[in-house]
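Only one chain is shown below, in structure tokens, and it's the form predicted alone.
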């Protein structure tokens, strides 16, 4: 019966019990990043009729099963029937009406420029490399998460983003963001955007400030309406469609 149920889901036919099971699994394994209604958070907004990385059900199954290499999306490690049930539930989220934002993305783009955000972040190949690329951040993060990232960046620091303090045996101490690290070396981008590479044997100290971010908090710097506009602009950045 479970094999037959999985076959029906893969054919685009999901019964109520499959959707209920898919929702239960989603809430326990996926909602932490994607939100309880798939509205997004640390993970992408899934409450859309079309998903950027999943053109069809088979592609969505593969992503849930194997994850997306080079991103924060891991493979779920579920059984085949369970994976198809989650596919069915995620597909049902595309029928949820999208949230309406009160901000103006045109004004938000001007606020982004006026506050020097491009000095650290890249959009469509233009900008700095210290912070995460924002080209498709609106497809990867919910408006709620974007607002939190702007107002309290250290509370919403992305996975894999690590501030470090490097003290060489010879040379000046430096604070920056880890770009790459292996057993013997570490590469760090300083707060001016310059790249440095160190052999660990040449370091007197290497401190990793987990949960810290060089990004300033804008909660007290921007008015509520300005934050609305900035979030609306960031939410509009969905990369190539």
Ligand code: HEC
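Numbering follows the first chain given and starts at 1. Predicted model, so just to flag it, every value in this text is computed and none were measured.
The protein also exists as the form predicted in complex with heme C; that form is not presented, and the subsequent description refers to it.
Enquirer: Only one of 179, 206, 68, 174 gets a heavy atom within 4.5 Å of heme C in the predicted complex. Which one?
Expert: None of the other options qualify; the answer is 68.
Enquirer: Considering 103, 153, 81, 127, which brings a non-hydrogen atom within 4.5 Å of heme C in the predicted complex?
Expert: Of 103, 153, 81, 127, the residue with a heavy atom within 4.5 Å of heme C in the predicted complex is 153.
Enquirer: If we define contact as a non-hydrogen atom of the residue within 4.5 angstroms of the partner, is residue 64 a contact of heme C in the predicted complex?
Expert: Flag for residue 64 set to yes.
Enquirer: Should residue 92 be classed as touching heme C in the predicted complex when contacts are defined as heavy atoms within 4.5 Å?
Expert: Heavy-atom contact with heme C at 4.5 Å: absent for residue 92.
Enquirer: Are any of the heavy atoms in residue 72 no more than 4.5 Å from a heavy atom of heme C in the predicted complex?
Expert: Judged by the heavy-atom cut-off of 4.5 Å, residue 72 is in contact with heme C in the predicted complex.
Enquirer: If you check in the predicted complex, is residue 88 within 4.5 Å of heme C, heavy atoms only?
Expert: No, residue 88 stays farther than 4.5 Å from heme C in the predicted complex.
Enquirer: What residues of 102 to 134, in sequence order, lie within 4.5 Å of heme C in the predicted complex by heavy atom?
Expert: Going through 102 to 134 in order - heavy atoms within 4.5 Å of heme C in the predicted complex - the hits are 112, 115, 116, 117, 120, 121, 130, 131, 132, 134.
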